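Presented as structure tokens, the chain that follows is alone, the form predicted on its own.
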């Protein structure tokens, strides 16, 4: 039995952050019913990012602008353990699907609202997406290019951070209800979830009142040199290969030097101590790169790791999906079979539980494909009533 078997989640989430949270719950056995607010067809939703976000879920297509659509949503909430959304603060309230309304239907209901900024504060009504939150939280500036122009992530890291935080919040609220019998409202700010992950920069701002400059490739935790990204020898089909190296102690430095073949430059007095290596790190980086340029990133990583030096290749998509032996050995990549018989890969479940492991079981559902189960078996609408709901425009087939 999966660990969340028996838990039902009514899923109003969209884009990425909310679907990540409900995907984690679905992977571990929760019955996640995704309430779609538009009709099919699903297009390419079963492949790529959308296919990855909605695997293991059910789907019902409900017109929330129709009174009977709202009726269906409220009846479904009354049979659910948890209702989760990532709209701005006002949306669920306008539908009377907010916690204060739903607790009248089901006293132990848990409602999680994953809004951009939370339900209180001067920016509570602001619209937000991942890049917006990354800029406001300081990540975009802290990841500036060498010329000082803000860069930030190429992907919405904020969505993943909020998604995992949302899943954790769900588990805590469910555990609280298990012990007390009481549900609650969880006001989750995606902005705050991201700010909490800034790292040492936050301490420097709050404790030392120092303005932050982009750290580049310098170590943000403890002094380290060499510490950076170094170009490596090209592969036949890839001339953009790099290796990250971080050396924080004298013993690590000595092991690095030995692994590099004890080059003469490494014996120069200007590199004798960590302090001196920090003072002369640009010259040091040039010397280290002169060695990595003769190595493949994979071989250099293996050599340095064997010597006890922290090193890792800078992976591209092909490295992660096809060449990473660690992910392959742990069976990280999941495979689902689509309705047309073809198969597609999805990201796996990173948590390996010995007794109740989560799993990837079904592909992303066609929009509305669970209408019959939800309306009929779960809510008790007859065939005639279901056809009438479709005819009225309350449900899309």
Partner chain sequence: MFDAGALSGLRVLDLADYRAHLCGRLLADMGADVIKVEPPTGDSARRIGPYVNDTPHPDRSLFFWFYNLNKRSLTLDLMDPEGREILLALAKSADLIIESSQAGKLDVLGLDWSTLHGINPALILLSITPFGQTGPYRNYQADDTVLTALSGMLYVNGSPGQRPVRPLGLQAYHSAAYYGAIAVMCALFARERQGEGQWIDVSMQEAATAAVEHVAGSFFGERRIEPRRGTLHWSRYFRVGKCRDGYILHCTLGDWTSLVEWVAADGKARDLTAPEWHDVLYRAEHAPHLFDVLDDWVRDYNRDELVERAQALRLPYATVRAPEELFDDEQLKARGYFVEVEHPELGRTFRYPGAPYQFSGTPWRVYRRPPLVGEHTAEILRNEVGFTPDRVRALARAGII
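For the two forms, the rigid core is made up of the largest set of C-alpha atoms that agree within 1.5 Å on superposition. Note that the coordinates shown come from a computational prediction; the quantities given were computed from them, not determined experimentally. Numbering follows the first chain given and starts at 1.
FYI, the form predicted in complex with its partner chain isn't displayed, but the following is about it.
Put simply, of 257, 92, 144, 103 only one has a heavy atom within 4.5 Å of its partner chain in the predicted complex, and it is 144. Put simply, of 266, 76, 313, 278 only one has a heavy atom within 4.5 Å of its partner chain in the predicted complex, and it is 313. Looking at 364 to 372, 45 to 53, 31 to 39, 62 to 70, the stretch with residues near its partner chain in the predicted complex, meaning non-hydrogen atoms within 4.5 angstroms, turns out to be 45 to 53. The closest non-hydrogen atom of residue 350 lies within 4.5 Å of its partner chain in the predicted complex. Taking the partner from elsewhere, residue 80 is found to have every heavy atom lying beyond 4.5 Å of its partner chain in the predicted complex. Interface residue remark: residue 248 is counted as part of the site for its partner chain in the predicted complex, having a heavy atom within 4.5 Å. Contact annotation: residue 236 falls outside 4.5 Å of its partner chain in the predicted complex, judged by heavy atom distances.
Along 9 to 32, residues 16, 23, 24, 28 each place a heavy atom within 4.5 Å of its partner chain in the predicted complex.
With the core held fixed, residue 107 shows a CA shift below 2 Å between this form and the one not shown.
A movement of the C-alpha atom of residue 326 falling short of 2 angstroms is seen between this form and the one not shown when the two forms are aligned on their rigid core.
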